[in-house]
Structures are given as structure tokens and as C-alpha cells.
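Two forms of a single protein chain come next, each set out by itself as C-alpha cells; they are called structure 1 and structure 2.
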Structure 1
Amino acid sequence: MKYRLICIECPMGCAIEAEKEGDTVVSVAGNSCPRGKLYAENEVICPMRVVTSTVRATDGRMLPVKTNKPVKKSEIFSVMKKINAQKVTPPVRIGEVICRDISDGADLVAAGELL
């Protein structure tokens, strides 16, 4: 199976074509750097994304949050359900863990502050 991708690893935005047989990437073409090849391989085998959202504080304000590492794209809806169930009590500092191990070892952390 062939995949056409636009690489997002650097500003070049290379048009990459990757070919996969079963669970193995057999070829990658069009990348200008090694990061593009790795991006294409990962994207066709198991796409990952950092999830960003907001969590409501007990005083009604919203706190921006994000996962501290990418999670499987197929798990994003499950992660969002867990995020939507969270509440925080100020004060909260940037980087503070809001929920440990929200998905495959990724923590949900504050991306802003509520003082």
C-alpha cells in the first residue's frame, strides 16, 4: 500500500511517498533529510500526536493542558474523555502534572498557569 504524506518535521514540508507491506515500511522517497524518513515510517505504522485541550478549574476558569509526549492517534478520543473528566484547583503552574499515565505512559500537564 502506498501513502502520500507532507512531512511536518521541519519547514521544508517535503512531499513524501511511503510504501508499506503488512506492518513493514519497504520504501520512503521524497524526503530531504533523515527526519522525514523517520516521520513517514512512524506515520504509516503507528501515527502519534500530542493532544492539547483545556481543563476546567474549580473557580470556572479554563487551564490549557497537553500530553507531555505523543499518544497513538487511535487513542485520542479515549484521551479526550479522560481530559474532559478532569478538574483542577488553583494554583496550577506550567508543567504541573494534571493526570498521570493518561495513555501509554504519557502524562497530562498544564500548558499554562492559574494563580
Structure 2
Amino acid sequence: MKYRLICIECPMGCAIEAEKEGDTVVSVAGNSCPRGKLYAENEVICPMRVVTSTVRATDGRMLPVKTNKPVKKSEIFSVMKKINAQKVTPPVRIGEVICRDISDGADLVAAGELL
């Protein structure tokens, strides 16, 4: 089966054609870099996304957070539910783990700081 994709790895947005036979990607064309090939291979088997959001701190401020690696696209809303159940106490620094293993081994980490 053939898939036409737009790569989301960078702002270039390459138009990629990927072909899958069974569960195997047999060809990827149109990408300008190795990241595009990897994106297309994942996208036709199991699309993955980094989730970014915010968590409210005990003092009322909002802390930007992100998953430290992509999670399954189908899991985005369950990840969001877990994110919205988090609470943090300042100070928090960039990179600090807010929730370990929020989905398939990805951690939720601080993507901003509250001092």
C-alpha cells in the first residue's frame, strides 16, 4: 500500500511517498534527510508525536512540560489526562522529570522553569 505524507520533522515539510507491504516499509521517497525517512517509516506503522502541554504549580503558575520522546499518536489523549493530573512545586528547572514513564517509557519533563 502506498502512502503520501508530509514530513513534520522540520519546517521544510517534504512531501514523502512511502510504500508498505504487510507490516514492512519497502520504500520511502521524497525525503531530503534521514529524519524524513525515519518519520515516514514510523508514520505508516505507528505514528508517534511529542506531546507538549502545561502543568499547574502549587503557587498557581503554569509550567510548560513535554514528553522527552515521541509517544504513540493514539495515546495522546490518555497522556493529556495524566498530564492534567500532575501538580508541581516550584522551583522547577528545565529538564526535571515531572512524571516518569508517562507512556511507553517516555518521561514527562519540564520544558520551562519556575523559580
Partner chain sequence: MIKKNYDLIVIGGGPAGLAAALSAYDNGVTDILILEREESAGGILKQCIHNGFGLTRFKESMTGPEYAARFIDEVQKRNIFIATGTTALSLTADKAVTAISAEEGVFTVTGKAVVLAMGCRERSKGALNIPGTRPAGIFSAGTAQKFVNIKGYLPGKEVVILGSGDIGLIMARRMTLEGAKVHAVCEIMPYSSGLKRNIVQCLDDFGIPLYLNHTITKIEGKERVTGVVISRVDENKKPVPGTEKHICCDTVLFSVGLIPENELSKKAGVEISPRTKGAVVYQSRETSVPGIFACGNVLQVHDLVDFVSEESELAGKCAAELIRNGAREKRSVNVLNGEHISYVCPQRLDLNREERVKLFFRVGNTFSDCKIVVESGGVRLIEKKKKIAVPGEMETVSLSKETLARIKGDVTVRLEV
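Take the two forms, find the largest set of C-alpha atoms that superpose within 1.5 Å, and that set is the rigid core. Structure 1 provides the reference sequence; residues are numbered from 1 along it. It should be emphasised that the depicted structure is a prediction, and the values quoted were computed from it without experimental measurement.
Query raised in the report: Given structures 1 and 2, which represents the form predicted on its own?
Result: If we ask which form is the one predicted on its own, the answer is structure 1.
Query raised in the report: Does superposing the core leave Glu19 with a CA shift of 2 Å or more between structure 1 and structure 2?
Result: Yes; Glu19 is a residue whose C-alpha shifts (by 2 Å or more) between structure 1 and structure 2 when the cores are overlaid.
Query raised in the report: Any idea how many degrees the smaller rigid part twists against the larger between structure 1 and structure 2?
Result: Smaller part versus larger part, rotation angle: 18 degrees.
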